[in-house]
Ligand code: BGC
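Just the one chain here, the form predicted on its own, laid out as structure tokens.
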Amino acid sequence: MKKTFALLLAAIMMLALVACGGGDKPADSAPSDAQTEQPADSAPADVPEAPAEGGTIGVCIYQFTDAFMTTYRNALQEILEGKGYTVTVVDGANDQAKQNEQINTFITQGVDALIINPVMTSAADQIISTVKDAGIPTVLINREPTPEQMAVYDKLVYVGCDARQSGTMQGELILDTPNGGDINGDGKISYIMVQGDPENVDAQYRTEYSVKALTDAGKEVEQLNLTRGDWMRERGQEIVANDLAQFGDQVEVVFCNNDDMAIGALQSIQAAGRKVNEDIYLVGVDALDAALNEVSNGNMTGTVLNDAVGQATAAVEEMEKLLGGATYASGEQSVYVDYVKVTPENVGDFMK
């Protein structure tokens, strides 16, 4: 009887322990929601997931036939694809309405970012409004809007060069010649200006500051003619041929807003029987391979390196900052890459 009672008492005590939760939880029991543990590789709810590698990038170029922008877009595409991005580059064909459609198409396709070389600087307001409404991180290149235009969107940055610097360097190239640009010794520098697109701030600044460098140095200047050449070699050739026919030996300096027009100008200079660096000076901007060859051969006085690869690299760097969540305050949305003066003495450093 005592044995039976002892066994019964032991059973009762075991039941009491289980009821009070004093025993271990069975291995196959499911935890409550409050006790559920997150897998070791899952992030807390308030930590965003890391962005996937690569992405889709739309690149809009104002015109594929532009020699400088060809170098630029090729560098952009190579850098982006090397980083694993899927890249589509489109030609605006110098038509702003067409480029607007291309931008809208990229947005509809859901690209992660845009890099845009505007056809017209005056279209900046519309472009910026479009990308802002879509919330697309955007880098503008080569043609700079005003700070006020860019300030309306904090996921927008401009990458380029300060065109005032390039114009100043063109003027310095002339000042550095043995006679300071005054070939005929009459006390003034008589020049013609072959301008790009006058609506483009680069053309405006190169035109102004190339001459300003001369006047700031105390030189008297005389503008014989200024004509729009739209960055085109054929126009450079045509304009300079007409000006040499009209002004003849009065022309001491030919300023060209870019190298392509300068190469065209050189053709007309040579056809007129003139000799660069002897009875006329010729300067451009961009340091295209063709221009570097002519500087090396003594057929151009000099040019100014517009660093396409450096700008493309900076554009991609800024794009990646935007993709990473960076925003830009007003007045801090322009990133500049320095120009470099190219002379007969250092041209070999830039030739391939």
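Note that residue numbering begins at 1 and tracks the sequence as displayed. Everything numeric here is computed off the predicted structure, so don't read it as measured data.
Heads up, the form predicted in complex with this ligand isn't pictured, but that's what we're talking about next.
Listed stretches are 147-155, 194-202, 236-244, 168-176; the contact stretch with this ligand in the predicted bound form is 194-202, by a heavy atom cutoff of 4.5 Å. Among heavy atoms of residue 143, some come within 4.5 Å of this ligand in the predicted bound form. The closest non-hydrogen atom of residue 301 lies beyond 4.5 Å of this ligand in the predicted bound form. Although the partner is absent from this view, residue 210 stays clear of this ligand in the predicted bound form, with no non-hydrogen atom inside 4.5 angstroms. In the predicted bound form, this ligand sits within 4.5 Å of a heavy atom of residue 69. If you take 286-322 and check each residue for a heavy atom within 4.5 Å of this ligand in the predicted bound form, you get 286, 306, in sequence order.
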